[in-house]
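First comes one chain, alone, set out as structure tokens in the form predicted on its own.
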Amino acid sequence: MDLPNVRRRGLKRTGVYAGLVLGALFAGLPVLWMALSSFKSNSEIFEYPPRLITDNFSLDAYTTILTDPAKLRFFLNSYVIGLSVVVLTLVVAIFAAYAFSRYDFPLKRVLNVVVISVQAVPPITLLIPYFGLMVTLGLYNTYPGLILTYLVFTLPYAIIMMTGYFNTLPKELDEAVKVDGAGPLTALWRILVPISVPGLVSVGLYTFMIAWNEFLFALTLTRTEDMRTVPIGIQLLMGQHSYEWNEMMAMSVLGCVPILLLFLFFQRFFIGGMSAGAVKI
């Protein structure tokens, strides 16, 4: 046995494990501090020396949020907008990806470039034009205004991913359905869509995360508190003279829960869909 090589492999393995542990601590400690701070009072959060776990465990921050209709409205708005964006994005992306994957048509390559180019545009550069557009169309401070805005940012990625996923499915599946006398829509909805669940789940999760976490456009395109979303609701807890830090932490924890649950339940679909869709379109 070559002892130097064994020792070298052992050192490499130890270094990898140490790096993973440090990375996990770097990513996880802020989240842990946020969660534990939500059970403290404002004064305890800033006490020195700081303590990770409080002796006065309290649910007051969660009680305040969950019993306040105005704060619950933030969650309702986020759910309505997020789920609407997911449904519309998936429907449009399925049809567009099917066309890109299965048909040759004029300007197909040009449209591919346009889709990729839209994905590459920094969203902040569109903020002022979108504000003017929504005011002109009468969609300012409305659900449709935010939903249509988010669709612009989610559709390019969704089309690219679903096109790549459909490209991994053999065209013989479509042809077999057509031999039986069915049309393209039947092949799409009865054959391709059911076996594309991993791709649909990954695109849906990504889309929901964008709509749920987005701050800048939600702040700019809404005016009244009854239209604000969760990220804006957290920011509104920062008052002129005082900050409700424990409530901010509690609302942040509650805002993380939907994303965490979705990822935990659909993790295997998410990973499979991401890897299968990451191919050349």
Partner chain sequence: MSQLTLRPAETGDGGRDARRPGPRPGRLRRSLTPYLYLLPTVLLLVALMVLPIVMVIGYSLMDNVITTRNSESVGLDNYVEVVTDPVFHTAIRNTLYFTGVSVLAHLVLGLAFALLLNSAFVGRWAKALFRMIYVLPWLFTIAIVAVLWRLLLNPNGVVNYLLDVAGFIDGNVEWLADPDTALHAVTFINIWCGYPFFMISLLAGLQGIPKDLYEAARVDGASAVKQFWHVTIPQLKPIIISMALLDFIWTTQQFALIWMTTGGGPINVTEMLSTFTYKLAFSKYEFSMASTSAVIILVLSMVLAFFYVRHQRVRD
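All figures in this text were calculated on a predicted structure; none of them were measured in a lab. The term rigid core refers to the maximal set of C-alpha atoms that superpose within 1.5 Å between the two forms. Positions refer to the first chain, counted from 1.
Below: the form predicted together with the partner chain, not depicted.
With the partner omitted from this view, the residue of T207, T163, N77, S196 that lies near the partner chain in the predicted complex is T163 [heavy atom within 4.5 Å]. Site annotation in the predicted complex: the residue of L90, I191, L83, A96 reaching within 4.5 Å of the partner chain with a heavy atom is A96. Although the partner is absent here, P184 is a contact residue: one of its heavy atoms lies within 4.5 angstroms of the partner chain in the predicted complex. Although the partner is absent from this view, M227 stays clear of the partner chain in the predicted complex, with no non-hydrogen atom inside 4.5 angstroms.
Using a 4.5 angstroms threshold between heavy atoms, P69 stays clear of the partner chain in the predicted complex.
Remark: D104 counts among the residues lining the partner chain in the predicted complex, judged by a heavy atom distance of 4.5 Å or less. Although the partner chain is not shown here, in the predicted complex the stretch 161-177 places heavy atoms of T163, N167, T168, L169, P170, K171, E172, E175 within 4.5 Å of it, in sequence order.
Relative to the superposed core, L20 shifts its CA atom by 2 Å or more between the shown form and the other one.
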